[in-house]
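First comes one chain, alone, set out as structure tokens in the form predicted alone.
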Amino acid sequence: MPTVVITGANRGLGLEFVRQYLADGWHTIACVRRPSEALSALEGAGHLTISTFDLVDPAAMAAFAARLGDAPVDVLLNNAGTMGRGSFAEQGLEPFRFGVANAEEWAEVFHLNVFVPMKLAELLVDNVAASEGRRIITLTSMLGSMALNTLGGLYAYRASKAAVNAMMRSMAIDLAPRGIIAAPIHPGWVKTGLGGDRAPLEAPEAVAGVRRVIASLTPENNGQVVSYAGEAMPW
């Protein structure tokens, strides 16, 4: 039975990833600070392990890795992320405009969006290398692409996702000798708490697309930024 580790699994895309991987018979390890009712309701629906810890606590991450021991992990899916202290879905670009930059908020965004997936990959690399799947995936965003930026704003989030793309590219190069494929995948603009109601995609469609891309990745597109539809994206 293949195993997937999913961060930020309480709601939105993370919860949908849990649903779909469980439905396909995967051992699904859902990482959350506190289980939501929606996530808890999936217990008994398949091989679900809910692991409760705070991703922004390095000691808690290390303890999670220790609990896994040498268990193989076919897919490490870094889904958890934040835009910052405002809500794009409710407030649009206003909380993320030029002139309101806050050092603490930037540190929070970069810690969760960039450092956490980097460190979790380091902690679990042996588990991934021991599996058949050997995939490390971090969800990125088209908002991290400089070529596609026509609106401005969203400074910390855009910068963090551009950093994710660079990080995953280096990871792909460094881990290729171990047979690991590392890639940033854009799930599309999705109707979630992050994306808002105007988004054109529903979570099941976006997640199904990301899962198809994960399964189809090859050494040739290792490290490339790819959309949920399987299209290479400009940086």
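Just count from 1 along the sequence shown to find any residue number. Not measured: the values here are computed from a predicted model.
Form predicted in complex with a small molecule: not shown, discussed below.
J.: Given a 4.5 Å cut-off on heavy atoms, tell me which of 97-105, 124-132, 138-146, 68-76 is the interface stretch with the small molecule in the model of the complex.
T.: Careful reading of the contacts points to 138-146.
J.: Any chance Arg11, Arg34 and Pro187 all have a heavy atom within 4.5 Å of the small molecule in the model of the complex?
T.: Checked in the model of the complex: all three residues contact the small molecule.
J.: Quick one: does Ser51 come within 4.5 Å of the small molecule in the model of the complex, counting heavy atoms only?
T.: Result no; Ser51 lies far from the small molecule in the model of the complex.
J.: Does the small molecule get within 4.5 angstroms of any non-hydrogen atom of Ile180 in the model of the complex?
T.: Judged by the heavy-atom cut-off of 4.5 Å, Ile180 is well away from the small molecule in the model of the complex.
J.: Please tell me whether any heavy atom belonging to Ala60 falls inside 4.5 Å of a heavy atom of the small molecule, as the geometry stands in the model of the complex.
T.: Result no; Ala60 lies far from the small molecule in the model of the complex.
J.: Would Leu42 sit within 4.5 Å of the small molecule in the model of the complex, counting heavy atoms only?
T.: Taking the distances in the model of the complex, the answer for Leu42 is no, it never comes within 4.5 Å of the small molecule.
J.: Pick from Ala208, Val56, Ala166, Ala38: which has a non-hydrogen atom within 4.5 Å of the small molecule in the model of the complex?
T.: That would be Val56.
J.: Tell me, out of Leu120, Leu112, Leu154, Ala162, which residue has a non-hydrogen atom within 4.5 angstroms of the small molecule in the model of the complex.
T.: Looking at Leu120, Leu112, Leu154, Ala162 one by one, just Leu112 meets the 4.5 Å heavy-atom criterion.
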